[in-house]
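In the form predicted alone, a lone chain appears below as structure tokens.
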């Protein structure tokens, strides 16, 4: 990708975010329900309700509300949460790192597990084990992340209580974190007690999110490896006496990564959206869990801020994946 194409993608990203903001802004105001009614006491007078609506700008025309909101966004002012009475940007900044740690842990697990299964499937092709692996992988593809979450809660949370059921850190630990990135900070401080506890709380939500991703990666990478294994350069390397494992890992894998990486980026964006339900099931204090509370409380500023952050993450991830795929293209590497 040239510098011009990157600039064009960024310009389109701004327009896309503007469109997302407009759609969400309008939809939240045309659906039934009044956010003021959710937060005011039953004994409030009409004057109290009118004053509160004026405080949040809900008494203005819809177009004026949108342009005022857009003006504030340009100054990085996402507004004030109606239900929590705090700045939206501050709330998102506190919760987003937890979601990022969870999704990147699930991404690493999905890539490793899916890659191992794909390579094993190619090495075991035309054997009974290949059919078994394909059947199991198909089952993993068919089960969504929230079903895995519920199954894990029952299996290793209730029947065999191996891992913590909820939260992000054991309340009994008295560690004072300076950043919301608990895992990274614990590793940087070599506090292995906190590292182990944070990882223990990450295991079940990571598996719930990562298992479907691993199944997608395994199927896609296996097909790409199968196509690469019949290419002339692989046949030539086989004639030279190279082992089958070395053929797969050294010759075929680097050419099969491209299409798999692109699909992984798309699935990763879907996985970030999937954190909403998974975080709720495990009471994980991330941005997805907060999004559900915001919807229940009709917290318009908070919902708008969360949707914009999700949209920005999707766009940034897609651009990053395109850049990486372009750099890993064999024609670019050997050009």
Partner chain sequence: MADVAVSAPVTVVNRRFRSLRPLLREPRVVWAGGFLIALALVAIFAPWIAPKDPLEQDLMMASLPPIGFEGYEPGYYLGTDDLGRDVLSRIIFGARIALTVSLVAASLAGLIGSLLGLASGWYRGWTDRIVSRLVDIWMSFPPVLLSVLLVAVMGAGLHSVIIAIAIIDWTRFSRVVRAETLAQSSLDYVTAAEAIGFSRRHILWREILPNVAPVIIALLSLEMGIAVIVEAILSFVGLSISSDAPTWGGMVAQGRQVLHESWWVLVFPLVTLFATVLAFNLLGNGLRNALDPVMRR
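This structure is a prediction, so every number in the text was calculated from the model and none was measured. Numbering follows the first chain given and starts at 1.
In what follows, reference is made to the form predicted in complex with the partner chain, a form of this protein that is not presented.
Checking 54, 296, 63, 47 against the partner chain in the predicted bound form, a heavy atom within 4.5 Å turns up for just one residue: 296. The partner is absent here; in the predicted bound form, the one residue of 113, 200, 151, 120 having a heavy atom within 4.5 Å of the partner chain is 151. Across the proposed site, 97, 102 and 195 without exception lack any heavy atom within 4.5 Å of the partner chain in the predicted bound form. Contact check for residue 146: a non-hydrogen atom falls within 4.5 Å of the partner chain in the predicted bound form.
Contact between residue 320 and the partner chain in the predicted bound form is not found at the 4.5 Å heavy atom cutoff. Within this chain, residue 324 is remote from the site of the partner chain in the predicted bound form, having no heavy atom within 4.5 Å. Taking non-hydrogen atoms only, residue 165 approaches the partner chain to within 4.5 angstroms in the predicted bound form.
Partner proximity in the predicted bound form, defined as non-hydrogen atoms within 4.5 angstroms of the partner chain, places exactly one of 88-96, 72-80, 181-189, 153-161 at the interface: 153-161. Taking a 4.5 Å heavy atom cutoff to the partner chain in the predicted bound form, the contacting residues in 252-281 are 273, 276, 277, 280, 281.
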